[in-house]
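Coming up is one lone chain in C-alpha cells, specifically the form predicted alone.
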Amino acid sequence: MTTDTAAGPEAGSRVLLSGNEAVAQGAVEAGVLVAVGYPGTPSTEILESIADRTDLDVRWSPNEKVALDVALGASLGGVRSIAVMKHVGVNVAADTLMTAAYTGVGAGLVLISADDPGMHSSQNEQDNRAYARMAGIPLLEPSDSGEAKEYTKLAFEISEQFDTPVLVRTTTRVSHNRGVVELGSRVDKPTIGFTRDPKKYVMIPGHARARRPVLLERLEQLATYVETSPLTVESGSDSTVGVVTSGISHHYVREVLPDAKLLKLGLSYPLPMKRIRAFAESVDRLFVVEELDPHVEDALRADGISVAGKEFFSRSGELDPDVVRRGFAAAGVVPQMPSITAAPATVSRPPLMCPGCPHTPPFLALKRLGAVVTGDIGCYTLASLEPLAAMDTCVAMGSSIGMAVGMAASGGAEGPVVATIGDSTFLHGGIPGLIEAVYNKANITVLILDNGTVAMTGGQEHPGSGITLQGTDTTPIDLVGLCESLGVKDVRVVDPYDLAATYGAIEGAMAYAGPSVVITNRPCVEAPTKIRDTPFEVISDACTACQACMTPGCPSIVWSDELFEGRRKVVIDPVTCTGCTLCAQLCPPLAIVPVTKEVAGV
C-alpha cells in the first residue's frame, strides 16, 4: 500500500490484491482516518497493509473490544473509522457493538469480521452473520477482492446514510485469495466534529428505551433500501434451477452450474425478500448455497418460500466446487461425480513448536511436575499435542486463568493447577482472571510466556513490545510491575533456556500458598527478527540412543540410520537448529555439542 496520498499506483490502475489488502484499499479510498484492530488470522493483513501510511492513524489495540471502542469514539468525533478483527474477536467486541447499534454513529463506522469456515486457524467456526441480525445492523458480504474494496467503500456510505455501524463479513478464502482490483481516488472527508447529544449517546435505560424504536425504524428503512440495492445481482438464464447465494459460495455455484439462474446477495441483512420471492417464482427449483449456518435459508422458509439447502450442503466446514457439485448431485441437479482413485498414502506430519521455541522448556517442566494445565490461545497451544502433551484445556483468549481458578476451587484436579498464557493474550484478556485469582485467594500458578510479540499471527506488536503498529516507540507494559500491582506476592522471572532454573521457578511457584506468577523472558525465535546462534550436532560415537533429546519434539532433531543396542540414534539439522541448547541440557551422555565447523546456510 502507499505511504501517503501522493505515492503509489494512480487511480485507474489495475493491481493484484488479496481480499485483506482490498478491504484496506477500500477504507483508504473511503477517506478513513482511524483504522484499528487486533491481529488474528484471517484478518491480520488488513491493517498491516496500510500501517506505513503517514496520513492515517493505524493501530493495534490490546483487544477487539477496545479496538471497537476506539473506532466508535473516532466516529462520534467526526472521522470515518474502521475496526478489524477475526470472527471470534467480535465476541469480545460484542458488548460495544450491541449498544453502538442504538447510539448510531457520527462519521461512518465499519466493522470487519473475517470468518474462518473450516477452522484453519481458529477454535470454532461460528457464523458471524448472526451478529448483524442480533444487533440490527446491515451486513455486506463480498465474494472476491474487487468486491471487498467496493463493498468496504459502500459500507461507509450506508453507515452515514442510515446512522448505523455496518458489518462487512469476509471469509478465509476471500481474505487470502488474490484478484484484480481497480484503484480509485481517495475521498478526503472533512472532520465533522463531535455533537453533544446525551439522549443519543448516553445509554442509560431511559435514553435506550427511546433509541430502540429508532433502531427498528432504521431496519425498516434498510429493508426498503436493500430491495433496490445494486448489490443484489441476478444472473444466468436456465430457470430449471435457481440458487440464492452470497460471498465466496457464489463463485463455487457458478463454476458448477454455469447457466443456472443465480441471485447473489451482496447485502445479506436485511434480506431483499421481495426480490427473492420474485426470483423464486421464476425458477422450477430453488436452492440456497451458503457456508455454515442456514442464515438465508431459514429466513426464506420463515417467509413461506419453498427452498432446499442444508439437506444437501453441510453446516460444517468450508464449501468448494467439489463439495457444491456433490451437493447438487445428491439433489439430482447434476450427474454423480465419478469415483476418484484414492491418493497415495502420505506420512502424517503433526504440527510442532518451532526449533528453539522458548515455550517448550516450561511445558517440559509442567509435564514432569504433574501439573494440571489450563491453556490459552497462542502457538504454545501446540503443547497440547504429542510429544509434549502438557496442556489439558484451551477455550478462548484469556480464559486460562479464570478456568484455573475454577479448577482449583473444584478440588477435582489431581495435581497443582497452572494456567499458561502468552504475553499478548494476557494483556488482551488475562488480566481480569488474575484479579479474580488474587481477590479470591486462588491457589494457582500463572505461567506468562513472554516472547515479546503476537507470534501466532506473524509477529505483530502489542502493548508490551514497546513499539506501535506504525513503528513508533512507546511505553512497554511492565509485566512484573503489573502483576505485583494487582496483588500477586510471588512473582518470578526465568530464562526458559535454563532448564534447571525453569524447573525450579515453576516448582517453587506451585509450592506457594496462593496465587503465584512465573514469567519466562525469551523472545520468539522467528519474529520479528529470526534469532539464530551456533547450531548443535550429535557426536555419534558418544550417542547412546537414549532418545531423551526427542522429548521436546524439536523439528531439528531427526532419526538417523545408526543403531545402538537396537535403538535408533539421532542427528540434528544444522540449518534449522537455532542453538537454544535445550537438547544439550537433556542429553545424559553429553553427546550434543555446538557445531565446530562452518555449516552451509548458517
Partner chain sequence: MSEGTRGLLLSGVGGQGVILASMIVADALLNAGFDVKQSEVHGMAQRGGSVFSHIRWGEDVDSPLVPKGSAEVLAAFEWAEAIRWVEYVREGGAVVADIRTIVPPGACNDKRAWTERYPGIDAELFNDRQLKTRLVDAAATATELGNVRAANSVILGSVAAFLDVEQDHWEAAIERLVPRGTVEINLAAFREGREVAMARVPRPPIAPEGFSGPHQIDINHVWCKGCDICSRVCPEYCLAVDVDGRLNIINPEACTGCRLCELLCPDFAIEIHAPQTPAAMADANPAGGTT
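Bear in mind that the values here come from a model prediction, so they are computed numbers and not experimental data. Numbering follows the first chain given and starts at 1.
In what follows, reference is made to the form predicted together with the partner chain, a form of this protein that is not presented.
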> Does R211 reach the partner chain in the model of the complex, with heavy atoms at most 4.5 Å apart?
Replying inline: no
>> When the contact criterion is heavy atoms within 4.5 Å, does C554 count as touching the partner chain in the model of the complex?
In response: yes
>> Is it the case that R178, even though its partner is missing from this view, gets within 4.5 Å of the partner chain in the model of the complex, heavy atoms only?
In response: yes
> Going by a heavy atom distance of 4.5 Å, is R173 a contact of the partner chain in the model of the complex?
Replying inline: yes
>> R59, M98 and Q470 - do all three of these have some heavy atom no more than 4.5 Å from the partner chain in the model of the complex?
In response: no
> Hey, of 162 to 170, 479 to 487, 247 to 255, 435 to 443, which bit sits against the partner chain in the model of the complex at 4.5 Å between non-hydrogen atoms?
Replying inline: 247 to 255
> Which listed residue (A345, A302, A513, A500) meets the criterion of a heavy atom within 4.5 Å of the partner chain in the model of the complex?
Replying inline: A345
> Looking at L319, I276, V417, A505, which is the one with a non-hydrogen atom within 4.5 Å of the partner chain in the model of the complex?
Replying inline: L319
>> Just to make sure I understand: among 450 to 481, which residues lie within 4.5 Å of the partner chain in the model of the complex, judging by heavy atoms?
In response: A455, M456, G458
